[in-house]
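The chain that follows stands alone, in the form predicted alone, written as structure tokens.
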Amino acid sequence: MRHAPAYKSVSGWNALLPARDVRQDPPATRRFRNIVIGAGFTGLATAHRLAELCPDEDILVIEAATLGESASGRNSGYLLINPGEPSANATDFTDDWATRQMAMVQAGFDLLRTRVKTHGIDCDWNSDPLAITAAATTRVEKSARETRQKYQEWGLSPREYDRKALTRIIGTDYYRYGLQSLTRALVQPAALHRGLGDALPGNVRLLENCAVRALGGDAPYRLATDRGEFVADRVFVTNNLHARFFGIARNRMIGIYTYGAFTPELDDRDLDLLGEEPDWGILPAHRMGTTMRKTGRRLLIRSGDSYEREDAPEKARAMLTRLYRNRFPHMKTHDLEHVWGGVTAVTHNGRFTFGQVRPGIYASAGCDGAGVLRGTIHGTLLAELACDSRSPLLEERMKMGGPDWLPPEPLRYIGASTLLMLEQWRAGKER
């Protein structure tokens, strides 16, 4: 089991940004009150909140990769408030579970928006996104219409789009139906990730390119790393899938890789073929479908799923090129400039591991592919839990259960791989 990510290619989002100075010089002190393992959106939110609640305590954040290159900088940049599945709530939750879920994620969005504004983080934040959930087949259109009916039961009235409207907006008649998604903003995720790290308060020290190799003993805890040993009274494990390396949620989540690519910058002719809007996003109405974004002068296309291991970049490129060509056969070429993979932690029932797992050790893991906003609020609440800073939102979170148990290997591999192949086949033209 790997203790840190090892991607085969750089994040396309990060490749579009200027080079940055990586913070990889270890601090002079080795003793900290708080150490956060993992500087994704969850870990950075934990550190920000800890610094607010404990301004006189030193905090060390250890990141195995560099900001912008970990999973946080490899997503599609949609800030969604979609609720999880009903099963992700405790049995004593009432029928307004969706409202409760969305209120929690909305709180994460509000925190993130405030932080971006306060620190002037330049991440191409689009607060009025044209983001549409689209269906390419009659079967999935039916499901999407049912989703809209459910939204209406929750007091929402998302706009609908027919094939003609979709063709005008995105420049292809590939999709037959769409509805406004629950996307609150579109961002450049690597720029957002890097900006949040650069905005850490003065009592927080960030150490990148440093993997934690072992976490042992009782408090004060000793952490063996690539840069020597560190000691902390409290440890926050916020490295998502890689929390399994420390025995946390080991049989509760699996790793699924998805793949993204950017076209080169498009000339005016090809850019016009992507519709009249300067910026748009398409989310799939089927969970194995394809995500797209028109952003700047490029098209982003993201799809594919593989269990626990990243496919070769050549294989991902061929798959994404085919999907691009299927949707936009009229483009001059279907070249892709940047191709990359990213891993997410998936649980069987959509629930997070959250809370104190041992005295002095707190964890949040299992983002289920929606880690930007959920990670932001879970990291914030994790810090509040450790500092005994109770709030109605934290009380809500503590009522939710955790992820279901998963069978051991090789049964886990057989089950997950079979389900992936089946769902990909069912997706058909949605891919």
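Heads up: residue numbers just count along the shown sequence, starting at 1. Because the structure is a prediction, the values reported are computed rather than measured.
Not on display, but discussed next: the form predicted together with a small molecule.
Participant: Please pick, from 53, 400, 385, 370, the one residue with any non-hydrogen atom lying within 4.5 angstroms of the small molecule in the model of the complex.
Facilitator: Selected option: 370.
Participant: Can you work out which of 171, 289, 342, 83 has a heavy atom no more than 4.5 Å from the small molecule in the model of the complex?
Facilitator: None of the other options qualify; the answer is 342.
Participant: Choose one stretch from 72-80, 318-326, 130-138, 274-282: the one whose residues place a heavy atom within 4.5 angstroms of the small molecule in the model of the complex.
Facilitator: Result of the contact check: 72-80.
Participant: With the partner left out here, check for me: in the model of the complex, does some heavy atom of residue 246 sit within 4.5 Å of the small molecule?
Facilitator: Yes, residue 246 is a contact residue.
Participant: Would residue 181 count as a contact of the small molecule in the model of the complex, using a 4.5 angstroms cut-off between non-hydrogen atoms?
Facilitator: No, residue 181 sits far enough from the small molecule in the model of the complex that none of its heavy atoms falls within 4.5 Å.
Participant: Does residue 34 reach the small molecule in the model of the complex if we count a contact as any heavy atom within 4.5 Å?
Facilitator: No, no contact at 4.5 Å.
Participant: Spell out, yes or no, whether the shortest heavy atom distance between residue 302 and the small molecule in the model of the complex is within 4.5 Å.
Facilitator: Yes.
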